[in-house]
Structure formats: structure tokens, C-alpha cells
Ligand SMILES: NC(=O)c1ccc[n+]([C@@H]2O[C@H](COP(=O)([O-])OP(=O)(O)OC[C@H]3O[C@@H](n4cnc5c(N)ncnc54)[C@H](O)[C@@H]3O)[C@@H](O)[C@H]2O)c1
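Let's start with one chain on its own, the form predicted on its own, as C-alpha cells.
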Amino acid sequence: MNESKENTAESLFKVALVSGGARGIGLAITRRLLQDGFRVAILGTRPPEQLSPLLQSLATSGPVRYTQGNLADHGDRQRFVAETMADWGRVDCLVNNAGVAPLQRADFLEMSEESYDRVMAINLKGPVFLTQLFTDQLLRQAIRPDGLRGTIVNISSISADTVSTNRTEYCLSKAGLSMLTQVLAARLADEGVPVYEVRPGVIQTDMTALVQERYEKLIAEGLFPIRRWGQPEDVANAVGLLVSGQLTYATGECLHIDGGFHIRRL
């Protein structure tokens, strides 16, 4: 009797894939999903031996696995999904989180093709085709008892609709990710797969560390109605809500995690 209950419980586990899930916002998302009972597969660029202490720490909260790979690389994306399937046999949630800023901020007139290609390959092309792989597997799986097959969450940025003339390629990549959310939400609505966008504002991570002084000043001056830095956990909490199954009639929704920055004020 007990063995039967254990086997039933084991069969109900859910698997989340998180690109860039070992640092910054992605790490907070990984921790939240583990806390919520997901098994989490991480795709990251660093060698696994460098992450051994972190992965061991995460494993105390739940099953976690790591694939080293570049989101921009076709073979690495395929391997990420294949290794996850080999270990756990299913997928339920994809969080397209990984992204990079330009190596050097440059005015539009000075932006290089190399910078454009790098940012777009990681921030947009990678998520597009990782989602294609994920969805192909997801649609092979049966509808779950909760009426869904799975969930997709795209982590974009306020740069999806806020211009930075010295980060053109970044803004374009995030605007594209926002449109991807709409396309997928429409395409997968009949398949039991809600799709959402989380749009963070200025979040305190290593990506914003180089411009910390500038943002400290803007925050103090009231650029955001909530006058503080956003934290990775703020974004992770939004993801936790969206994958909880409580907002299934809101597919295509964009959740702003920006301290109210998106509010138009006079």
C-alpha cells in the first residue's frame, strides 16, 4: 500500500527547464521552482565543476541537474532537452531566462554587426528554438490532471518597450521575445499550454553592477514609484505565480516587475 502511494507521488512530479538558471535572476527562479516542488534542469555556460558547491546546495531543496552549453548553439539546445528527458522522462515548464547585454554600450550609429549577432543569437534566436524543441516534446505528452500540458515563461525586460540608444541590439532582442510570447500564446492556447511574459525593470544583479551608481540616482529621484532596486526574488515570485496553474485564463499576459516604471505619469 505504501509502495503504491510512493509510486503515484513519484509519477506526479513536474520538470522545469531554466536557461541561465545558475546565476542572478535565473538562480532565484531555480530556487523558487525547487521550493514549489519542481525538478529543475539548468542550462548554463560555466563548467559544472565551478558550480559544484552551488549545485549541491540547490539539491538540498529538490532534484536539480545541470547542462553546460551555449543557448545560441543548436547542438547544445538539443542536448539540454535530450539530457533532461533521459534523466526525468518528461518536461512541464520552460523559463527562457538567459540573456546577455552588449559587450560594449555603443550608439546605434556605432553598433557592430558582431555585437548585434551575439546578442540576438543568445537573447532571441536561442529562446525561439529552445522553445520549439521544448514544445515538440510537450505536445507528445498527455494532458495532466490539472488540464494543462505545461507552461512557458519568457523573461524579457523593460527594454522591450523602453528605448536605450546605446543598447539597440538588446532592446530589439527583448522586443522580439515579447512578440514571441504573443505568437506562442495564440498558437498553443488549444494545446493546454499557457504562455506568459515577465518584464523585469532594474534588477540588482551582476548585469546591472556596472551602472549601479546611475540607477541609484534615478531610483532616488523617483524614476520608479516603488523607490528601491528590484531583486531577483521579485522576478522569481512572479514566475512561481505564473507556473502555479492559477492564471490559466490569462495566456499571453505580460507581468511587469518594475516597481511601477511602466505607469505613464505627468
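Predicted, not measured: the structure shown is a model, and the values here were computed from it. Start at 1 with the first residue shown and count on from there.
Same protein, other form: the form predicted in complex with the ligand, not shown, and the subject of what follows.
*Asks:* With the ligand left out here, work out from 53 to 61, 30 to 38, 205 to 213, 236 to 244 which stretch has heavy atoms within 4.5 Å of it in the model of the complex.
*Replies:* Within 4.5 Å of the partner lies stretch 205 to 213.
*Asks:* Tell me, out of Y196, F134, Y170, F80, which residue has a non-hydrogen atom within 4.5 angstroms of the ligand in the model of the complex.
*Replies:* After the contact test, the surviving option is Y170.
*Asks:* Would you confirm whether the three residues G20, R23 and T45 all fall within 4.5 Å of the ligand in the model of the complex, going by non-hydrogen atoms?
*Replies:* Result yes, every residue of the spot touches the ligand.
*Asks:* Although the ligand is absent from this view, report whether T181 comes within 4.5 Å of it in the model of the complex, heavy atoms only.
*Replies:* Heavy-atom contact with the ligand at 4.5 Å: absent for T181.
*Asks:* Even though the partner isn't displayed, in the model of the complex is A98 close enough to the ligand, meaning a heavy atom within 4.5 Å?
*Replies:* Judged by the heavy-atom cut-off of 4.5 Å, A98 is in contact with the ligand in the model of the complex.
*Asks:* Is I122 close enough to the ligand in the model of the complex to count, meaning some heavy atom within 4.5 Å?
*Replies:* I122 belongs to the contact set for the ligand.
*Asks:* At the 4.5 Å heavy atom threshold, is L71 in contact with the ligand in the model of the complex?
*Replies:* Yes, L71 lies within 4.5 Å of the ligand in the model of the complex.
*Asks:* Taking the ligand in the model of the complex, which residues along 147 to 178 bring a heavy atom to within 4.5 Å of it?
*Replies:* Contacting residues: I155, S156, S157, Y170, K174.
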